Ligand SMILES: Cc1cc2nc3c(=O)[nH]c(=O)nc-3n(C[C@H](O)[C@H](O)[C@H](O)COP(=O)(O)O)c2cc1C
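First, one chain by itself: the form predicted on its own, in structure tokens.
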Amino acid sequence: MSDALLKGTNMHKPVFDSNEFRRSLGTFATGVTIITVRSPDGEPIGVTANSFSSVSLDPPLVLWSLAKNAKSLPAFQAAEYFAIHILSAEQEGLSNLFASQGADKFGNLNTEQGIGDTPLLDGCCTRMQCKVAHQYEGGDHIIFVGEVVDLVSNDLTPLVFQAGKYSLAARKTDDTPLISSSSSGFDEDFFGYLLWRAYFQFQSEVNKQAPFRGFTSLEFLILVTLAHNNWRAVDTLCDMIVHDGDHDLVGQALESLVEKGLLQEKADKNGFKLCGLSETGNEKALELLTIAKSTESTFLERLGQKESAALKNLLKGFIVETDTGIPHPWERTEGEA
């Protein structure tokens, strides 16, 4: 169609930019796989790929593609069998290893021998052993179609790749929009409310347990903090637990724990006041922490494994991006022995 005709329609003149094409493809979220094969000379070979796709249920066919300039291409073209490993969220490091050039990819891995002596990896969401059905030219790639002849699947959180970064997938909450309109009120879409309500529901359930009765939230935080790293400076504890809040409240909680025989105080060589758990205090801290972890397991089981992993990842990201330098319970600050 000529430029003159284009001006008289609602069409725009086609423009293609290879970099924009690459970026656009990146907006499509995919799983992450490692494809393995045994070369004709017996060498185990594996590559990371996100080009995996299903083709047919009957017969069970899948495909993936490999660049024509890949050094491993001749081995895959010569093989009768290959294996596809759909990676779990815990295998990000493995994905990076098999995506690297020249690394000893199998040297420290425990592998099994599959059909056609194909090397098989453990810990994946799904592992498929495939017999090569077809090989096709696909531009600058070769497309491999395989018939699945063996399948092992595990209920694990999958590793996802989107926009050039690893991600985690989670199901959307039923009957609610994925992205709701912004709200100016203190309601179900206000982030502060969501954080507060989640904490309130969790802590309320924890406090129902008998061993928690008689302990405040501050006392619990002090006990489990010292269980992570005992004998801390009082000022450091105050900064970690109430941050910019009222240090007098922490002082009152410390006095209460001393009176209960759970906490001891002493001075370091420079005369600074330290506090630490007594033997009884350490036992109580571990008891309360065990109850809290059990409650966490119950809550996360209701949410689901994949959603729990995604939630924890998002909260960690939020903490990292908004961190003001407040020390974590397991970190000793500069100047602490």
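Only a predicted model underlies this, so the values are computations on that prediction, with no experimental measurement involved. Note that residue numbering begins at 1 and tracks the sequence as displayed.
Note that the form predicted together with this ligand isn't included here; everything after this is about it.
- None of 56, 39, 51, 278 but one reaches within 4.5 angstroms of this ligand in the model of the complex through a heavy atom, and that residue is 51.
- Taking 71, 266, 213, 171 one by one, only a single residue has any non-hydrogen atom within 4.5 Å of this ligand in the model of the complex, and it is 71.
- Only one of 96-104, 256-264, 121-129, 232-240 lies within 4.5 Å of this ligand in the model of the complex by heavy atoms, and it is 96-104.
- Though the partner is left out of this view, residue 67 does reach within 4.5 Å of this ligand in the model of the complex, counting heavy atoms only.
- By the criterion of a heavy atom within 4.5 Å, residue 197 is excluded from the residues contacting this ligand in the model of the complex.
- Taking the partner from elsewhere, residue 166 is found to have a heavy atom lying within 4.5 Å of this ligand in the model of the complex.
- Residue contact with this ligand in the model of the complex: residue 228 places no heavy atom within 4.5 Å of it.
- The candidate site formed by 32, 141 and 161 is fully in contact with this ligand in the model of the complex, as each residue has a non-hydrogen atom within 4.5 angstroms of it.
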